[in-house]
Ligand code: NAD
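The chain below stands alone and is given in structure tokens; this is the form predicted on its own.
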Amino acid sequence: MKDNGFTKKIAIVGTGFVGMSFAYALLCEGICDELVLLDINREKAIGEAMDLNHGLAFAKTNMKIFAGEYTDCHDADMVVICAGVSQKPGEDRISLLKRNQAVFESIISPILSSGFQGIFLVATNPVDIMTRMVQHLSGFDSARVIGSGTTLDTARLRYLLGAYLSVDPKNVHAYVIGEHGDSEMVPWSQAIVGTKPIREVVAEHQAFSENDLQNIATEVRRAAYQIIEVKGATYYGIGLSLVRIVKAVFGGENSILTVSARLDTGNGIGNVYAGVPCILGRDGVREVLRLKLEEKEKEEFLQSCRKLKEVWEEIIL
């Protein structure tokens, strides 16, 4: 990572809905100084770069934006992978895996050949598996290979809980962990509103119930399917989630976000990538936080991780 005063450079691989929602949010926030767009359809990347550049006069940054080649990754601080085939209506994220595997194999090799030594950030679904694939193909230290994980799921959860409790979502501290997908779970024992456990808040008000909390967790889990059914894809939320991760890294914030990170040891699930609260700083994942889960929650989380491990083992065997 370059020191302050030097260029903060990001390369985005994939100029589809997710990649360009992310790029537009980067421009609006003025996060980086140089942005490279890479796509198998180079003409599209050129057009997207032109469109973004035409908005620079209204932006709060003098960002350099251009359509590039993989060689342009050599001095990038971060490569963000948004490329891959789209999720079809009703298709679960794991089913995307085999169709995206070949895409990633064609991407990582030329990036490494460029001499890239920064941080990989992965958004392509199924994100936990694809992030592990990037780490496997690149050989990078796992701290420098991060997935968007359950950052968006966690944001959805806090939004829905805030609406339910009539509280600013920023004051709701609750997490979605595990697979970014069907087996993800909410550890309610860790959920806090302000300084108070959410279960206490619910118990003290007749208008609230534990059953409502479970319904909210289900709504979070089904949100992507619902959006895909009515508009074909999700991209604004994940684009903003990626920006939040980049801000945490570039700013050396040591912020806690539920990114997809490698879980190395414990409970027979070693070497699995899953969404867990992590401290993010200038070198990527500084620390994976350990949660004191209740036994039922622990088993649910482990089951989600085991699912991811089983899928990965099917790929490498």
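Bear in mind that the values here come from a model prediction, so they are computed numbers and not experimental data. Quick note: we count residues from 1 along the sequence shown, nothing fancier.
The same protein also has a form predicted together with ligand NAD, omitted here; what follows describes it.
The listed set Met50, Leu56, Leu289, Ile40 contains one residue whose heavy atoms approach ligand NAD in the predicted bound form to within 4.5 Å, identified as Ile40. Contact annotation: Gly84 falls within 4.5 Å of ligand NAD in the predicted bound form, judged by heavy atom distances. Proximity of Ile10 to ligand NAD in the predicted bound form: non-hydrogen atoms within 4.5 Å are absent; the residue sits far from the partner. The closest heavy atom approach of Ser304 to ligand NAD in the predicted bound form falls outside 4.5 Å. Contact annotation: Val103 falls within 4.5 Å of ligand NAD in the predicted bound form, judged by heavy atom distances.
Comment: 148-156 is the region of 212-220, 183-191, 148-156, 196-204 lying near ligand NAD in the predicted bound form, near meaning a non-hydrogen atom within 4.5 Å.
With contact defined as any non-hydrogen atom lying within 4.5 angstroms of ligand NAD in the predicted bound form, the contacting residues in 113-140 are Ala123, Thr124, Asn125, Val127, given in sequence order.
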